[in-house]
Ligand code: HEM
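What follows is a single chain, given as structure tokens, in the form predicted alone.
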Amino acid sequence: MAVILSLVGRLAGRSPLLTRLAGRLMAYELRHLKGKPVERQLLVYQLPDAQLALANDLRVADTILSDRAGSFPKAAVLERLLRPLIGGGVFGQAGGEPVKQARRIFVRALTRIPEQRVAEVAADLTRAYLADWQRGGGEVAIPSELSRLTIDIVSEASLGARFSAAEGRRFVELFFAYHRRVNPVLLLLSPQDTAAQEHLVERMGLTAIGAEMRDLIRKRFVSPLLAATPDAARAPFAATLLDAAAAGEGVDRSAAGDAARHEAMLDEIAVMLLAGHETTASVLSWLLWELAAAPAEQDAVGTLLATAAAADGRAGANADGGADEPVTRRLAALIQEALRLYPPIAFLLRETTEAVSFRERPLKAGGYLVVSPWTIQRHRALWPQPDRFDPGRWLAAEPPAALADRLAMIPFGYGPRVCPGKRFAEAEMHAILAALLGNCRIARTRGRTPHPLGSLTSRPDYDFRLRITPRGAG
């Protein structure tokens, strides 16, 4: 196996064709996460030029993700893979004071978006999409349509504008193409020097895709926002970035003047759009796939939504379930179980800047550490029947025993780099799910079972279709 890995690492980067071939050999990393990865507490792999450790031990995971000494920064390979999309955006950066400052601005911007505003935008846009889906016959390409929907929600709630329908479809197509080409494993197997890895990223063909996506963002959002002062009530995220730039905070990262500030603003808006929509679209795609095979679960939620709507004097189509405790609890159980089985970021990759030892296993400096929400949240020592979709585990009188340790459930990460958009994503998912299940029934159509890509996120590997019909039909 070591010989094969070394060969793949050496082939990658020789040409675009060989890079694509190597990428196919190492595609779908999540297919390997069974057996030992969900049974052992620590696994150490020898790569051609480095070590890689997969840590399921929750105390080890705490040490890595909390990183109080700054010994385990986010791996530079991630920044190299994301740079064509988000430039110097905060999500891709390894760490340090500039990242802390940028995160503070990001958090401040997100706190200016009320949850009620997120829920209202999400409910309104979901109903509009539902109407379009029904006019189109009700058989829906779920991953791409949910991506379009969630991009619209994120951009409307944070930037006060949306892509046109054609722009949105193109943006989603490009992002899916980026996912299919990007391959972190190839960088881990390649020679561990900056020039070789940057060359390999270029061979993956990411630059042109990223440039077109950034151009769409620039034309639709950045240029109009810079041409006029954004209304902070309608565009709170953009207004916060502009305020920070005017005050000389983190978005002005050089002395190059307005051009650098505008490019930095584009970077952070790209982070907001890409990370903000992808979490929700990925998790809900998997949740709808599971619910399509669970009609009784759909009906139980639909009944609760209808009851709540009747009690509130509204039509069932307008119920969002936001203030009704049984509805909220049931929706939360569905979302939590989807987040447990299909965490949007399957691997949290860190570097070792110095030699360390975990569970009496020495690890050299210059290696990699992986804390995987995917393996921890399916670990047999923590979760009964871990591979089973079972929302009922969240509805029992007592919470799952695994939750006695905070690290057993980390779909949004943990520590100082926990996802700052968690609150936004949860409000968005609740509203979308309520609008869907309150109005529709979902069923599977013919087609193969999807698998998670696992390259950047856990999104499905193809655009599977589900049949969505009005709840009152038939």
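Computed from a predicted structure; not experimentally measured. Residue numbers here begin at 1 and follow the sequence given.
Heads up, the form predicted together with the ligand isn't pictured, but that's what we're talking about next.
- Within 4.5 Å of any heavy atom of the ligand in the predicted complex lies no heavy atom of R441.
- Though the partner is left out of this view, L339 does reach within 4.5 Å of the ligand in the predicted complex, counting heavy atoms only.
- Within 4.5 Å of any heavy atom of the ligand in the predicted complex lies no heavy atom of W286.
- When contacts are judged by a 4.5 Å heavy atom cut-off, V222 does not count as touching the ligand in the predicted complex.
- Just one listed stretch, out of 39-47, 412-420, 52-60, 444-452, contacts the ligand in the predicted complex at the 4.5 Å heavy atom level, and that stretch is 412-420.
- Scanning A292, I209, M265, L110 against the ligand in the predicted complex with a 4.5 Å heavy atom cut-off leaves one residue, L110.
- Listed residues I217, A275, L189, L159 were compared with the ligand in the predicted complex; A275 is the one with a heavy atom within 4.5 Å.
- In the predicted complex, the ligand lies within 4.5 angstroms of at least one heavy atom of each of the following residues of 99-114: R103, F106, L110, in sequence order.
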